[in-house]
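Shown below, as structure tokens, is a lone chain in the form predicted alone; questions about how it binds or moves come after it.
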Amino acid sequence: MNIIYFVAQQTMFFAIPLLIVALGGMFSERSGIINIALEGIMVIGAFAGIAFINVTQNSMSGQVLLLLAVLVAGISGGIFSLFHAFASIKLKADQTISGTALNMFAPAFAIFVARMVQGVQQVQFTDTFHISKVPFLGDIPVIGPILFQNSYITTYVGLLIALLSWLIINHTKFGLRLRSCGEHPQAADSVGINVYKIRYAGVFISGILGGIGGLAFVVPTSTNFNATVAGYGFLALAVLIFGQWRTKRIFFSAFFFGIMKTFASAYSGIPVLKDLPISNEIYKMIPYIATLIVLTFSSKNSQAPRAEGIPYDKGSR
């Protein structure tokens, strides 16, 4: 039973960032803007959040510091995503090229700033955020050890974001307008919806969640930030596609890939996997092999928003 709890807890560390970032991508793409800049947005968000922790950790610690860092990471990711929004919406640039440019710029920017400020590119921080056990909730059978022991507050932030995303997309006026702009922007415009503003909002929300996801990935898995999120932004895109741009499906897809990542990174703590005659390199390949297999079978039935990736011209009909 302890092994099951261990796997479940480790899965949370990997699945929650994927969930947050994939949901961010959903907001952008449901509005009609392809956002492959999620990797770069994660890097910027993680860099800003960890840098904030690094600067303030001598005067603050614990959950309040982490929540403030989440706020900083979200704002930073949102601002960074506006470059993609401006290029895609205002300049009508190729959205894939714009996203690729931001992915290339983000780690270079993080390394440059880190070296300018402190002389080295790794930004160190002290982990004072680990929650050994949440009082009362940690004692609940089965659920307690999985959700409320050996956890981070980012887990609960991620689950809350998933719930709010489902409510916003499916049960609010904004969500309806967002979806209409991604499916048929001309029809949305004809009833008075400002397609440009809705798409800017979608990309901005995507940036906020991408930045938060970057920080949520780094904090539980390391004590320093080295200008990389290990390809998690691209893995989140796979989760988004496998989840068919739908909140509930994305939720389950994130946990599927989270389990694959757990097998790849924490196999040494799982006796059954540790004893197999398989090299470390093979285990590290598991999430990406799973990604290729899943996308091979799921891409045929893809239900992407119809107007995704198509620049909107108000004058055309």
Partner chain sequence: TTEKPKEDTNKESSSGETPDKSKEEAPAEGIELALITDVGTIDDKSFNQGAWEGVEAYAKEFGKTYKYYKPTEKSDSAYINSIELAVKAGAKVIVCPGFLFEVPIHTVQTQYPDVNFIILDGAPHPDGDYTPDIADNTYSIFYAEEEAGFLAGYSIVKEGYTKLGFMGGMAVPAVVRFGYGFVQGADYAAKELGLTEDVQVKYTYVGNFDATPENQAKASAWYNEGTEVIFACGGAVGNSVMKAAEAAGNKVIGVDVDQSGESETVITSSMKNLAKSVYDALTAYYANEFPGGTSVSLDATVEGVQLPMETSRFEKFTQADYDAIYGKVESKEVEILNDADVVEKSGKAAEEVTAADIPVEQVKVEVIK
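Nothing here was measured: the structure is a model prediction, and the numbers come from that model. Each form is matched to the other, and the largest set of C-alpha atoms that superpose within 1.5 Å is called the rigid core. Positions refer to the first chain, counted from 1.
If you look for the form predicted together with the partner chain, you will not find it shown, but the lines that follow are about it.
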query: Counting only non-hydrogen atoms and a 4.5 angstroms cut-off, does V142 reach the partner chain in the predicted bound form?
result: no
task: Would you check, heavy atoms only and a 4.5 Å threshold, whether F255 touches the partner chain in the predicted bound form?
output: no
message: Even though the partner isn't displayed, in the predicted bound form is P135 close enough to the partner chain, meaning a heavy atom within 4.5 Å?
response: no
- request: Would you please decide whether L273 lies within 4.5 angstroms of the partner chain in the predicted bound form, comparing each non-hydrogen atom pair?
  value: no
- prompt: Want to guess which of 121-129, 67-75, 201-209, 153-161 is within 4.5 Å of the partner chain in the predicted bound form, heavy atoms only?
  reply: 121-129
query: For 196-227: residues with a non-hydrogen atom within 4.5 angstroms of the partner chain in the predicted bound form?
result: F217, V219, P220, T221, S222, T223, N224
message: Taking the rigid core as the reference frame, tell me whether G258 has a CA displacement of 2 angstroms or more between this form and the one not shown.
response: no
